[in-house]
Ligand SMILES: Cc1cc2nc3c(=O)[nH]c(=O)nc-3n(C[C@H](O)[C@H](O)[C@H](O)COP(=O)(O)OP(=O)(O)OC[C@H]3O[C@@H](n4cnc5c(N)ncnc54)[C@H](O)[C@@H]3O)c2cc1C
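There is one chain below, alone, in C-alpha cells, taken in the form predicted alone.
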Amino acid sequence: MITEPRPTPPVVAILGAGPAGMSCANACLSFGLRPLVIERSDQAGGVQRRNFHPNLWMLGWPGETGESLTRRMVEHYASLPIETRYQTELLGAQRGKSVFRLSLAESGGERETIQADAIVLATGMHPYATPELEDLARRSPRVIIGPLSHTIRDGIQDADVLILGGGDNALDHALFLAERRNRVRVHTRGTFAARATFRTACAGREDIRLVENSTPLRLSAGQEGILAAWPGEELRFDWLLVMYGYRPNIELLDRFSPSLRPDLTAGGHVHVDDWQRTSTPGVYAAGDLTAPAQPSVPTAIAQGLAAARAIERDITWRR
C-alpha cells in the first residue's frame, strides 16, 4: 500500500517571546502551524518578568503581579513542543519566491538562514527617555528609566525622589513611594495626563508635590545624588525616576527589505487590521507594538491568538 506523505506544516516565524509571542506560538500548534520563535534575550516573558505591580487587567487572578503571572505563562510555554531560538538576533528578512527568508545570528556567532511562510512581529515596547537621560542612567545607578525595576520596589526608602512624567505611571509610583516613607516631587513638561483618581490621591498627600509645566534646566549625577536645577532653584535628590511612557520596539524593521516593511501609525506603532494583519501580506503583528486601546497582558494574549488564526485562514485560502 502506498501512503501519501504528510504535508509539511507551514512555518510561522514569531519575533519575540513575550506574552503576545508565546500566545501566538501556542495557538499555532492548535491550528496546524509550526511556530519558530526567535528571542533576542536568554529567556521568555518579555518586560513583564520585571513587573512587580499587581496585574489589574487579568480576570480571575486578582492581585497577582506581572512577575508571577508571567512565570506561569513561561512554565506552560516551556512544556509545549515549540522551537525557540534564544539569544538570537534577526539580521535580515527578505521575500523569496514563495516564502520569507530570515537571516539569524546566535550569541555564539553562528549564522543561518531559515524559511517561513509567515512572520509575526511581537517585539513589544521599551521605556522611553531622551538621549540625555539615557546617558545619565548609564552613568548613575540612581537614575531609573521606566517603572519595571526591583530597585523601586526594594531599594528606595526614606529618600527624596524626583519623578519626571505626568501620566498614570508617574503618579502611581509617587503614591507607591510615598507609602514607603519617601518624599516625592513629580514634574511634568505640560499638564498632568494621569487619571483623576491618581491626581486626587497625590494632591491629598503632604509628602508628594505635583509641579506642572516644569522641565529641569539641568540634571547631573554625583556622589551626593542627583542635582536638578530650575530657574531660581536647585535641589538634590537621592533618586531620579523617568516615567515618560513607552515606545514600540520597531528597530528590527530596519533589517527588513524595504518591500517588507509594514506601514506605521502616526505614533510609530505597527498598523494592523482586526486580524492583526499588517500592510505587508504574510506579515502580522501582535502586542503592545500595535498600539492597542489598552496595552496589557490580556490584550497581548488575545492578539497573539488572533494572529495565529489569521495565518491559518490566510494560508488555507492561499492554498
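None of these values were measured; they are calculated from a predicted model. Note that residue numbering follows the sequence shown and begins at 1.
This next part talks about the form predicted together with the named molecule, which is not shown.
Partner-proximal stretch of 199-207, 220-228, 129-137, 244-252 relative to the named molecule in the predicted complex, 4.5 angstroms, heavy atom: Checking each option against the 4.5 Å cut-off leaves 244-252.
Residue contact check: P295 to the named molecule in the predicted complex, 4.5 Å heavy atom: Result yes; P295 sits at the interface with the named molecule in the predicted complex.
G282, heavy atom within 4.5 angstroms of the named molecule in the predicted complex: The answer is no: G282 has no heavy atom within 4.5 Å of the named molecule.
Partner proximity in the predicted complex: T84 to the named molecule, non-hydrogen atom cutoff 4.5 Å: Answer no; every heavy atom of T84 is more than 4.5 Å from the named molecule in the predicted complex.
A308 within 4.5 Å of the named molecule in the predicted complex, heavy atoms: Judged by the heavy-atom cut-off of 4.5 Å, A308 is well away from the named molecule in the predicted complex.
In the predicted complex, the residue from R261, H271, R40, R34 that sits within 4.5 Å of the named molecule by heavy atoms: By the 4.5 Å criterion, the partner-contacting residue is R40.
Heavy atom contacts to the named molecule in the predicted complex at 4.5 Å, residues of 143-163 in sequence order: Those in contact are P147, L148.
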